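Given as structure tokens, the chain that follows is alone and in the form predicted on its own.
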Amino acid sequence: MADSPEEIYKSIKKIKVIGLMLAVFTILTVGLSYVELPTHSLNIIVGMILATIKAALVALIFMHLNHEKVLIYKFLAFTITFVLALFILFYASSTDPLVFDGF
């Protein structure tokens, strides 16, 4: 924790900068909804990238995960790997030409 007024002011300044960055990324996300990129999938991918950046900023700074031990990052890496595998499996199942859709 901050022990001196200088450290407190530095911490407040960092929180203000992160808050401004979150506001900018939120504005970019809303603006993206009004822009039509070449494919709808590209809109979704860019939106998910912006959301991931915002989530990482919140988790690292406001939830203080940037000061955690290595074990938390191992769990996070496992979770990210699992989620990516689920996304890949979902995409593969929706594009599989051998899947029978019914009558």
Partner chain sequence: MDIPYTVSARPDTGLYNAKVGVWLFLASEVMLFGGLFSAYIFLRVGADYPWPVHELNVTMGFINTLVLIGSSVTVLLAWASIKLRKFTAYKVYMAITIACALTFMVIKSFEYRSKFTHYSVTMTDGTILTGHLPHGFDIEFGEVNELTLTVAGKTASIDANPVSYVLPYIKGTAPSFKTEAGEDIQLDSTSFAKLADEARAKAREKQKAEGLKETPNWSIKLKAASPITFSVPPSKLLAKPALDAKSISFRDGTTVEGKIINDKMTIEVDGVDLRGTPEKEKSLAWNEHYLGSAWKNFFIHQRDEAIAEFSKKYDDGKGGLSRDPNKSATHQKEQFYLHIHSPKPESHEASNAAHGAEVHAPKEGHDAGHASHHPEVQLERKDVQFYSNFTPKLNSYYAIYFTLTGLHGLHVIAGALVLAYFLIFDGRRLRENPEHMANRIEVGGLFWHFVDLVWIFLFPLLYLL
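Every value quoted in this text rests on a predicted model; they were computed, and no experiment measured them. Between two forms, the rigid core is defined as the largest C-alpha subset superposing within 1.5 Å. Positions refer to the first chain, counted from 1.
Another form exists, predicted in complex with the partner chain; not displayed. Remarks below refer to it.
Student: Of 43 to 77, which residues get within 4.5 Å of the partner chain in the predicted bound form if you count heavy atoms?
Tutor: Heavy-atom contacts within 4.5 Å come from N43, I44, G47, M48, A51, T52, K54, A55, V58, A59, F62, M63, H64, L65, E68, K69, L71, I72, F75, L76.
Student: Once you overlay the rigid core, does the Cα of Y9 travel 2 Å or further between the shown form and the other one?
Tutor: True for Y9: a C-alpha shift of 2 Å or more.
Student: When the two forms are laid on each other by their rigid core, does F62 show a Cα shift of 2 Å or more between the shown form and the other one?
Tutor: Stays below the 2 Å threshold, so no.
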